[in-house]
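One chain is shown next in structure tokens, namely the form predicted alone.
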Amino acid sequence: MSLAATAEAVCSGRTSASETVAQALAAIEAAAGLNAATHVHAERARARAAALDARISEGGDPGPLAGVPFAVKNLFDVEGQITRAGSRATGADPPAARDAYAIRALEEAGAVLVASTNMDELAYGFSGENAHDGDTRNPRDPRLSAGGSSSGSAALVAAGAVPLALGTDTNGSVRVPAALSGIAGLKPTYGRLSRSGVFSFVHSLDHVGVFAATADDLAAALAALDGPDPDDPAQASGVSPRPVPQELRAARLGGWFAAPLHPDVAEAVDAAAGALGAPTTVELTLAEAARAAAFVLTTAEGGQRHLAGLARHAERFGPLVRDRLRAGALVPAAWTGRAQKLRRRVTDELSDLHREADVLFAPATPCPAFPLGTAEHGVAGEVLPIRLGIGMFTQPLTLTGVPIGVAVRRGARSGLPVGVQVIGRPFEEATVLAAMARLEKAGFVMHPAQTEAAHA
């Protein structure tokens, strides 16, 4: 059921919050082979559900997401738990004094936290492979990557264990796993949602993001998460976006976003163009340079963020993450300054493109899910280095901070999900979600259960 339908069933008494939570806990246990959950908050969830049921029986309002179970990437603070961020390097940190703002906001709307989820260590990766907690497996095929770094959140939603999960997106860490796991994802505008209580990776690029089955569910979650938080000084305020246009104009991003593409990805982009009525192709000429700038900012800020920890206990970091962070700490400050200047130019160029179209669209990844442990993968006759290449279409756009959704369909050749990014103007998430809903109504999207049945 949708988030709204679940809440309506709980409020009407056709089911209870305790029942929806019990079903989610059982589903997470049944999906243990995916290695998607790192901690199940069973006792807390049952207590929260019982309190919601009591409120309903007394005639109280439990909220618009009453009884909806949700999971969070394990870099969101959960009261009384150490925020591990997928790393042994955080093991000596004190337990969180309170929940992250996003958890509090969802629970105030009636949702119930049931699990924290697996991820690439310190959010530094796209594959969902973790040296400490093991790899997250794709529900479509457990031999394959679920994408990362928000791998476990995407996998639990794709498996049907929870209808809603939170992740973070620095360079594509919501968009890549949404595409590879076969679910809808949303990276809102930079500064729209509070990051208070979220373990940071690259402060100038980090976004809180959402996974669900449909655009309507993403909208319901966004409504609950949206709101001012004085504890996050980077959060924007006083923004009044334009209403969703009745005649939605769309255009395809070409150039950097045109190749190399797996045939299923190319077909998905063509199908999106047909569904959205988008004959126009435009080019973000600075895309490749933007990707380079994102690399510089990511490695430099990430390296500085963990420099003290590397000096004290380098052995607690996974070897791949440790080496990249060490290298990042050596990036000259002048490079980051140039990267930030380029960021403004890229943002301005994208803004110019949005004068021609309300939404732009582009592939989310160059290929469907790849086998775990893969260093290179063949795509359209070329060799793609996975760790560098799988985010080649998400990374350049992160610099701009605009809202981006991911809609998915089943690939005709591979039978696996592939994703298309839907890119909007700042703070126009409603327009992005409207475009995604249009794709769903046009038959572009295959929902998780349909995708699994078709793949079987």
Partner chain sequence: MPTFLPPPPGFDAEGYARAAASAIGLPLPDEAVAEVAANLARTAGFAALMAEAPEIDATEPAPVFRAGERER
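Residue numbers count along the first chain shown, from 1. Bear in mind that the values here come from a model prediction, so they are computed numbers and not experimental data.
The same protein also exists as the form predicted together with its partner chain; that form is not shown, yet it is the one meant from here on.
Colleague: In the predicted complex, does every one of 269, 276 and 370 come within 4.5 Å of its partner chain, counting any heavy atom?
Modeller: Looking in the predicted complex, the three residues 269, 276 and 370 all stay beyond 4.5 Å of its partner chain (heavy atoms).
Colleague: Thinking of its partner chain in the predicted complex, which stretch from 282 to 290, 115 to 123, 349 to 357, 163 to 171 has heavy atoms inside 4.5 Å of it?
Modeller: Heavy-atom contact with the partner occurs in 282 to 290.
Colleague: Can any non-hydrogen atom of residue 142 be found within 4.5 angstroms of its partner chain in the predicted complex?
Modeller: No, residue 142 is distant from the partner.
Colleague: Consider residue 382 of the chain shown here, and say whether it contacts its partner chain in the predicted complex, taking contact as heavy atoms within 4.5 Å.
Modeller: Residue 382: contacts its partner chain in the predicted complex.
Colleague: For residue 331, is any heavy atom within 4.5 Å of its partner chain in the predicted complex, or not?
Modeller: Heavy-atom contact with its partner chain at 4.5 Å: present for residue 331.
Colleague: Flag residue 341 as yes or no: does it have a non-hydrogen atom within 4.5 angstroms of any non-hydrogen atom of its partner chain in the predicted complex?
Modeller: Yes, residue 341 is a contact residue.
Colleague: Note which of 199, 317, 256, 101 lies within 4.5 Å of its partner chain in the predicted complex, where distance is taken over heavy atoms; exactly one does.
Modeller: Looking at 199, 317, 256, 101 one by one, just 256 meets the 4.5 Å heavy-atom criterion.
Colleague: Please tell me which of 310, 131, 96, 248 lies within 4.5 Å of its partner chain in the predicted complex, judged by heavy atoms.
Modeller: If I apply the 4.5 Å criterion carefully, the residue I get is 310.
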